[in-house]
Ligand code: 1HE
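Below sits a lone chain in structure tokens, taken as the form predicted on its own.
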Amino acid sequence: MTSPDFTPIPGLLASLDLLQITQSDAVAHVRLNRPAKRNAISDGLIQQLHSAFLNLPETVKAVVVSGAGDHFCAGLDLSELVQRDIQAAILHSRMWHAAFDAIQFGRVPVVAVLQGAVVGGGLELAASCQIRVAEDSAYFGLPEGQRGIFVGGGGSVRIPRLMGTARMSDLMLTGRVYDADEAERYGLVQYRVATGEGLAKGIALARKMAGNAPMSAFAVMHALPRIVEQSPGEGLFTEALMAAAASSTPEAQDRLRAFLDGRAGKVVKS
């Protein structure tokens, strides 16, 4: 249940019936709303996710994504799986890519709150978010190898960058399932909390991120993933460009001045 200070966002986002989208101050909460299907991803849901992230209000500075009920997302809704020719299958996969790109490379950072099943396309969705919080109940798997199919929502690109190619191969070839502790150990998630505490943690993290300078957040979301894919020389040059762009904004200058004047806190271990 979302905190009571979150209220529905009117207009287009209110018409997306497979999602519940609310806002409190600068944080939006996008909840997958197919609990009877363990929030499995249908074509309609992936299209609505894409629309939601393309049409966030300007007042939103960070987003929390969660799933209604006991599960985050059980992956592709196999009941909707239809026979497609190769071209149609490629276009279907590219539809997922576009939706998850709108999350990873969108306007604002995103926290995924994970409980129960985080499986197949659900793990691909979680991997497109910048931060992942796992509750005790969360479990992680990629059953595509057991189903005779292959990941198609960007998992082959994003998931190995989190936990490594060998571990992803293990999940797909053997059907191995990770619990929340293993997911944290292997880099799939950054935060672990008790059952029922994930949403509060996710909202707290989103509020922190919403307070960052927009250009700094943009650099982390858009430049950092690309820098790590570049050669060292190209990466250093891109870093220099982004550092110059971020530090030259009026907001950055104000924040640096506040620190030098003693009006901003220093880094301490909490």
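We number the residues from 1 along the sequence you see. Note that the coordinates shown come from a computational prediction; the quantities given were computed from them, not determined experimentally.
Missing here is the form predicted together with the named molecule; even so, the following discussion is about that form.
For the chain shown here without its partner, which stretch in 119 to 127, 159 to 167, 173 to 181, 106 to 114 has non-hydrogen atoms within 4.5 angstroms of the named molecule in the predicted complex?
Careful reading of the contacts points to 119 to 127.
Here the chain is shown alone; which of 52, 203, 40, 62 has a heavy atom within 4.5 Å of the named molecule in the predicted complex?
When the named molecule is considered in the predicted complex, the option within 4.5 Å is 40.
Only one of 101, 136, 77, 197 gets a heavy atom within 4.5 Å of the named molecule in the predicted complex. Which one?
Only one option qualifies, and that one is 77.
Can residue 243 be called a contact residue for the named molecule in the predicted complex at 4.5 Å between heavy atoms?
Answer no; every heavy atom of residue 243 is more than 4.5 Å from the named molecule in the predicted complex.
Under a 4.5 Å heavy atom criterion, is residue 192 part of the interface with the named molecule in the predicted complex?
Looking in the predicted complex, residue contacts with the named molecule do not include residue 192, since no heavy atom lies within 4.5 Å.
At 4.5 Å between heavy atoms, is residue 36 in contact with the named molecule in the predicted complex?
Flag for residue 36 set to yes.
For residue 187, is any heavy atom within 4.5 Å of the named molecule in the predicted complex, or not?
Contact with the named molecule, no.
Hey, which residues along 128 to 144 are within 4.5 angstroms of the named molecule in the predicted complex, non-hydrogen atoms only?
Going through 128 to 144 in order - heavy atoms within 4.5 Å of the named molecule in the predicted complex - the hits are 139, 143, 144.
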